[in-house]
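The chain below stands alone, shown as structure tokens; this is the form predicted on its own.
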Amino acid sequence: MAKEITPRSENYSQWYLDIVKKAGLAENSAVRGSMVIKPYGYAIWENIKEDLDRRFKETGHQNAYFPLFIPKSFLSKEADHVEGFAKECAVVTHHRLMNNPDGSGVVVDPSAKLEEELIVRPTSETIIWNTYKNWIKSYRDLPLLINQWANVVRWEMRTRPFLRTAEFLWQEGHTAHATKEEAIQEAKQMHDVYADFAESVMAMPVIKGSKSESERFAGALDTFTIEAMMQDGKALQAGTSHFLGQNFAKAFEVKFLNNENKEEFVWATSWGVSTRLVGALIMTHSDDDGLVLPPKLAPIQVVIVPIPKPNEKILEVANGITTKLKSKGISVKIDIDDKKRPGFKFAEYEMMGVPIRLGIGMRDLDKGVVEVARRDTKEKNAIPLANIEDYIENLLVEIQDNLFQKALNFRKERTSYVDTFEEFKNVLEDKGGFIYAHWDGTAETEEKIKELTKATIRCIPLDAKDEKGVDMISGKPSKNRVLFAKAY
């Protein structure tokens, strides 16, 4: 099975597509640019969703659901917002089909034109803020902390499963606050939630920072981002949190009476991550033999494979191990399919990225051991059956930590600091990865660098130290370095 995967060194893009297909994560659908998420891929997304949903609720947020369709006029109310999404919108113009008079099928009924076109949700700020004006009247109604799990449509022309599709799944938080300070604190808090999730659950190190003005979310005053490095050295924006100021409140007349009985506009945030995180997992950890998953997100953490095939004694031991592991909250599968040979199963579960595989044969049982193989390093060891559940529990933690450290070491190796544009171009061409360089803060210089190299400012790191220098193109003063990279 591994031979069916294109090596990363040969064609990274094809390697990615091969893993998506061979690991059974997703496939292309009949609708151009859209994907079918298969059960195993969806199980990974469910694990992501479950952990994040718990975090959102622990920080005081509630889930709700808002309409898929948005009146076109709503998008006209916030100028920057509509400009940012106008080219990606799918538009519903009619509400009915009819049989074609020539008998060739169905056609749009020309008499069923909508009075006002509907936009298929690219993001929900407009429909949500139109709703909030009915929910918020007084300071007693604030803060309003709402999240929704939904699908959105952005009409992408160049698509890739999970990373960029015309329709994708995500969550979007939308909150309203009485003060600017509260709203900024909310945006920063959710930024921290995303960063901790990425590192502690996905085992994916990220750089926390704020976007340059030209890279901010449409309609935001500030956008906080987490940026991860993939194995080809490109950056991937893994999550964003936005301080929206009062822009949407003013556009939709969302006001409240403060405790002095004076009317004010509320302050807003929005924040979100999507199924793009599944793509991030693939490109952060996987290898030429298939998917590699951090244990905390693996749908199957341990698979037990009888050798050569199950018998009563082997199944008794396997079931005993399973019971003990499940009592520790570890997900286990016993593969009793006797139509497949053990070697095929080993390759299959390696392809699927299952963190730990146990091989149980009669020879092993006679010695009181089982074979334990870990996916991340490919190591195999004979481990005593006594207290095997404690060994596996600790090994899962070790694998999780190892994947994070491996990714962190890779990022360090592919991170550079440059002072001149010549250095910048050479590093980008020869090494790639993250590049820290001085920037004069102007959109003109930012655009020129992008035009000449296709590299963008991924973020202005929150931990950036004051370091006076000069912009590598304009020669103008710069107070610190920003993070550049080519990106997905």
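For clarity, every value in this text was computed on a predicted model and none was experimentally measured. Numbering starts at 1 and follows the sequence shown.
Unshown form predicted together with the RNA; subsequent notes refer to it.
- Decide whether F162 counts as a contact residue for the RNA in the predicted complex under a heavy atom distance cut-off of 4.5 Å. Judged by the heavy-atom cut-off of 4.5 Å, F162 is in contact with the RNA in the predicted complex.
- Message: Even though the partner isn't displayed, in the predicted complex is M351 close enough to the RNA, meaning a heavy atom within 4.5 Å?
- Response: Although the RNA is absent here, M351 would touch it in the predicted complex, with heavy atoms inside 4.5 Å.
- Contact between G320 and the RNA in the predicted complex at 4.5 Å, heavy atoms? Answer no; every heavy atom of G320 is more than 4.5 Å from the RNA in the predicted complex.
- Query: With a 4.5 Å heavy atom cut-off, would you call N47 a contact of the RNA in the predicted complex?
  - Reply: Contact check for N47: no, nothing within 4.5 Å of the RNA in the predicted complex.
- Task: Would you kindly say which of R414, K324, K188, R357 lies with a heavy atom within 4.5 Å of the RNA in the predicted complex?
- Result: For this set of options, the contacting one is R357.
- Item | Candidate from R32, K431, K57, K448 lying within 4.5 Å of the RNA in the predicted complex - any heavy atom | After the contact test, the surviving option is R32.
- Query: Do heavy atoms from each of S13, R158 and K380 fall within 4.5 Å of the RNA in the predicted complex?
  - Reply: Yes: S13, R158 and K380 each sit within 4.5 Å of the RNA in the predicted complex.
- Which of these stretches, 305-313, 92-100, 263-271, 175-183, has heavy atoms within 4.5 Å of the RNA in the predicted complex? Answer to the contact question: 305-313.
- Query: Which residues from 332-352 come close to the RNA in the predicted complex, meaning a heavy atom within 4.5 Å?
  - Reply: Sequence-ordered list: R341, P342, G343, F344, F346, A347, E348, E350, M351.
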